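Before any questions on how it binds or moves, here is one chain, the form predicted on its own, in structure tokens.
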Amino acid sequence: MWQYIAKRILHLIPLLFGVSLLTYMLMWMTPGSFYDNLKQNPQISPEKIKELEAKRHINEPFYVAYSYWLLNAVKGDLGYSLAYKMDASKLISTRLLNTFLLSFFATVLAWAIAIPMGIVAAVHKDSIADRALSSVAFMGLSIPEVLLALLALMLAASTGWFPVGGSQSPMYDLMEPGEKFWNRVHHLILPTLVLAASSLAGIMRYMRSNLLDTLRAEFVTTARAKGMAEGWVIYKHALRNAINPLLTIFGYSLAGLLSGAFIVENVMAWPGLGRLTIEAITSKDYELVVATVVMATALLVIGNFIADLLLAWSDPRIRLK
């Protein structure tokens, strides 16, 4: 186990290096920079702008500027946000927590609803329940996340049941601890529902398909021939084998959730890593863009790593080597 963990960590290093290099190069190739807007300000002298550009190595070759950033990143310094005027690490840490909470609760909600739906649809194949659940799944697959987020905002604005954007109320700092908790939960409900709905349909279809294939397997037929109760055959034998492929796609579902979180955060004004990345790209905040992309990549790799461990835990036939 420890050797496997060490190997995965070692694999993470060249991956993060390649992602940071590619992202930095793409941002460097885009026309303009953050200082172009400052040049339009008559209160800032050209000499001051040149001094700031020299400090961030803007006018030097790409590989020189990236080398400076990489050396600082190895020391734990992911750069400086020019737009927010603070260290990128501190800025990301606050936004990363919001993205993690949103993705975590959306994952839990999606899987907690999709797995039972898939089981019911498979066990009662071609019944009214199966067709109804399949229709719900197809609706979830056909509605884009952007449209679903906009509809959720319309619901919040017209009914007042949920806040319209943000992760907390303006008076959050003056609230009691219990009030702060419920205020954060209230702001989290609608984005979580939107993000979970985007992946729920796919997971439910996977569960239904895998369980149907397993129920037709020979070992299930043998278990029924021995006189075992149908519920015991389904939930003890068939379900255990049908859920293994779902654990394999767990890591990929996290990738989809993270990309979906970028959309949901920007549409619903949720202050997470995705919204921060878009703001950094818009303002040409190079070092902040690279830092956010590297952190998002690390989250995806960690999610896939957790999926591999869950698969090995669920199926004794799987060996980590």
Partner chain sequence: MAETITNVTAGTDEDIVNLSPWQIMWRRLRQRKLAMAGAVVLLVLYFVAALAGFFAPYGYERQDRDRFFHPPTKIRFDGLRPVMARYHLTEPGSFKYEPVADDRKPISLFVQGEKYKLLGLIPSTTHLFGTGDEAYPIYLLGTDQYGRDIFSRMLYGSQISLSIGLIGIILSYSIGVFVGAASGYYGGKVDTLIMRLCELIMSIPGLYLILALRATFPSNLTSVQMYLLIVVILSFVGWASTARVIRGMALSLRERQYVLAARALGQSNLQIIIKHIIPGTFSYLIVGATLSIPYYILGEVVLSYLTVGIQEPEASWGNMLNAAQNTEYLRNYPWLLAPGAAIFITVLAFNFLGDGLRDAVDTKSA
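As the structure is a computational prediction, the values presented were derived from the model and not from experiment. Positions refer to the first chain, counted from 1.
The following text describes the form predicted together with the partner chain, which does not appear among the structures shown.
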Original post:
189-197, 70-78, 84-92, 212-220: which one contacts the partner chain in the model of the complex at 4.5 Å, heavy atom to heavy atom?
Top reply: 212-220
Original post:
For this chain shown on its own, do 97, 119 and 185 all sit within 4.5 Å of the partner chain in the model of the complex, going by heavy atoms?
Top reply: no
Original post:
How about residue 306: is it within 4.5 Å of the partner chain in the model of the complex, going by heavy atoms?
Top reply: no
Original post:
Should residue 296 be counted as a contact of the partner chain in the model of the complex, where contact means heavy atoms within 4.5 Å?
Top reply: yes
Original post:
Even though the partner chain is not shown here, does residue 35 get within 4.5 Å of it in the model of the complex, heavy atoms only?
Top reply: no
Original post:
Given that the partner is absent here, does residue 243 sit within 4.5 Å of the partner chain in the model of the complex, heavy atoms only?
Top reply: no
Original post:
Quick one: of 180, 224, 131, 236, which gets a non-hydrogen atom within 4.5 angstroms of the partner chain in the model of the complex?
Top reply: 131
Original post:
Out of 143, 113, 228, 249, which one falls within 4.5 Å of the partner chain in the model of the complex, going by heavy atoms?
Top reply: 143
Subject >> Within 4.5 Å of the partner chain in the model of the complex: residues from 111-126 (heavy atom criterion) >> reply: 125, 126
